[in-house]
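The chain below stands alone and is given in structure tokens; this is the form predicted on its own.
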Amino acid sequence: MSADLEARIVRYLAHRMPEAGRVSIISLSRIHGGASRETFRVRIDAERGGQRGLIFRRDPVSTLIETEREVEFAAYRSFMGSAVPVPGALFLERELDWLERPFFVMEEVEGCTAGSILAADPYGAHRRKIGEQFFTILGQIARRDAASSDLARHSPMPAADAAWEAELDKWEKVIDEDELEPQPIARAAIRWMRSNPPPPAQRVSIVHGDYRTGNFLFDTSGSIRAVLDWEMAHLGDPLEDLGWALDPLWSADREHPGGMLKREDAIAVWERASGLKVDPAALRWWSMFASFKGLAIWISSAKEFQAGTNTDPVMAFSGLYCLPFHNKRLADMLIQAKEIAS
């Protein structure tokens, strides 16, 4: 990591944390894998306060997903001190002088790991314990009063019967702008979803937008310590998050979404925690939307990688593996929808 970046971070922390006295950097490393922010782990030693870990999330030169760092920061702030575990959101910086691009700073949650969608059994003996927490926390996100949250100042509040359309419009636009070749399966899914809209949202809530395996941290006892990566957070139908969390891409074990609970058990846990009931037809729609949204993200990934504007290996993986996976998933769901209708 460049000495210049270290020096810039030290200057910034001296500016934002004068009470800490002299600050030195013990270690600085890049955390790879994110598609919308550059993430750095920084361990500091402060003259007054000692050692602590910080996470810097900086806007990249080129990004797969266009998001506002204010939205992500506000999402973290919306849940600080609540039953939904999140890292402390410390500083939001819009000025370019410090690190050349906008960024924000969070506390590091130490002594934890993240599960991998590529692992056959990412949670081992803690599978059920983590699964119950995972879907309980998702239900608690849906319970949070959206109108009074920090996020409500940065994200529009859709009508209950319009949340689906706003999201479908957004991701259709991504495909329109980024497809490198015709996408007939995606276009067929768009036609079906517009012709068969879901019922109105039971509640307009905070939607994490990327709630899945890999985006939370758990410790050695199997306790979830932090939900991460809120860059796609918005207000909408909470079934959007549930459909995304249940998508089979997030686990090598197709019988246990996310590598955790069986599908029916996961839904039951979510219902208890959220206070909502899952309409099977509505969840089918949001499940199709989840694969469609994933497809849009992977199409953008392939475009960025091919153009050379973002050469992170996760971009290549997304285009080579995730894109065909969700194409096949969408095709299967369209066939199932036709069989149900007949």
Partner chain sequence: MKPSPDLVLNHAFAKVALEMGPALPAGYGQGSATLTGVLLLMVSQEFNRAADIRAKENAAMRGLFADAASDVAGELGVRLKAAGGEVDADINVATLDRSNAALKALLIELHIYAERAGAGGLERRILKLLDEAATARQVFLPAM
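On a predicted model such as this, the values are computed, not experimentally measured, just so you know. Numbering follows the first chain given and starts at 1.
Same protein, other form: the form predicted in complex with the partner chain, not shown, and the subject of what follows.
Scanning 31, 307, 281, 46 against the partner chain in the predicted complex with a 4.5 Å heavy atom cut-off leaves one residue, 31. A single residue from the set 149, 136, 155, 183 has any heavy atom within 4.5 angstroms of the partner chain in the predicted complex; that residue is 183. Between 265 to 273, 93 to 101, 175 to 183, 160 to 168, the stretch whose residues reach within 4.5 angstroms of the partner chain in the predicted complex through a non-hydrogen atom is 175 to 183. Residue contact with the partner chain in the predicted complex: residue 191 places a heavy atom within 4.5 Å of it. The closest heavy atom approach of residue 324 to the partner chain in the predicted complex falls within 4.5 Å.
Heavy atoms of residue 118 reach within 4.5 Å of the partner chain in the predicted complex, making it an interface residue. The partner chain is not shown here, and in the predicted complex it never comes within 4.5 Å of any heavy atom of residue 14. The three marked residues, 187, 312 and 338, each reach the partner chain in the predicted complex, with a heavy atom inside 4.5 Å.
For the stretch 326 to 342, the set of residues having any non-hydrogen atom within 4.5 angstroms of the partner chain in the predicted complex comprises 327, 328, 331, 332, 334, 335, 338, in sequence order.
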